[in-house]
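First, one chain by itself: the form predicted on its own, in structure tokens.
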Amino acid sequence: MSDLLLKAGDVSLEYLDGTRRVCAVDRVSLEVRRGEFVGLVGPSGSGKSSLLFLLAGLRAPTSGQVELLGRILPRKPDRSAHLRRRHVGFLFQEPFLVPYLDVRENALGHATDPAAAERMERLAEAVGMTAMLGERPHRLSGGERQRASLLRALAAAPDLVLADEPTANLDQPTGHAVMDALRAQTQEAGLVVVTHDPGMLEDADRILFLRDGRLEQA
């Protein structure tokens, strides 16, 4: 079986801002392989989050295509929902949690693997969230919600993890604990991390730089 998890071929994303056409992602091509840690950096507004959304199949590219595990993602994002739930863990820049579920329920909501609960418990201990597993999101701080989102993204042991500023609301020790957890859980997966903190990318296999929607080597 090929170790190629993700392939983006010449993908672009354009949208209208009033009467102005904005090119958020401009003909980007990249590949991510199993066991690879890729860092993505660049100025604010350079298109990093937009690129992650394309890679996850959450947005359809204006042109080009994205392949996940050898399958071309359909043009309509809702048609790839089953692939994302099974194979992709996504950490949003703004933590997204179901408000009426506690942290444990949020983490295991889409997990079908019998080992997911035990995996999630170990991960919660590693990032200091064990005491919060029974709490609902409104009782959590911003940093705790971010770590709860980490549990949700990794509980099902996805093949690919896409993380958008996963340490932004965390102090440095907790941020490093989150990055350690990401790397540990993705030894057999692929990991792409968007961050403004270069210290979180010390162990990255590659660091890519995005400027004005275009990809460059950092």
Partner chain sequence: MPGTRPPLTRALSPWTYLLRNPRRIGPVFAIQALVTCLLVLIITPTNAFEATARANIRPLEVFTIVRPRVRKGFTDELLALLDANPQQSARVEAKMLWLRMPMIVGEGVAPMIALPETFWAQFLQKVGSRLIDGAMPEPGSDGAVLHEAVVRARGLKIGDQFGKLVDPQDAAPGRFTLVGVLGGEARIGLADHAYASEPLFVLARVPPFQVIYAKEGGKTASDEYLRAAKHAERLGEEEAAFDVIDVTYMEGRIASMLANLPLIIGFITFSVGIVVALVISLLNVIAFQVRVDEFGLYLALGHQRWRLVRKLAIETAVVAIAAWAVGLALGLGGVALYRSLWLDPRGILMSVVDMRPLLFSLCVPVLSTLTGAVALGRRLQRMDPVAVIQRRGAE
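None of these values were measured; they are calculated from a predicted model. Positions refer to the first chain, counted from 1.
Separately, the form predicted in complex with its partner chain exists; it is not shown, and the next lines address it.
- Heavy atoms of Q93 reach within 4.5 Å of its partner chain in the predicted complex, making it an interface residue.
- Shown alone here, H82 lies within 4.5 Å of its partner chain in the predicted complex, counting heavy atoms only.
- Taking non-hydrogen atoms only, L108 approaches its partner chain to within 4.5 angstroms in the predicted complex.
- Residue contact check for G142: none of its heavy atoms lie within 4.5 Å of its partner chain in the predicted complex.
- Checked against its partner chain in the predicted complex, the residues L58, A157, A177, L30 give one hit for a heavy atom within 4.5 Å, which is L58.
- Taking its partner chain as positioned in the predicted complex, the residues of 101-117 that bring a heavy atom within 4.5 Å of it are, in sequence order, L101, D102, R104, E105, L108, G109, H110, A111, T112, D113, P114, A116, A117.
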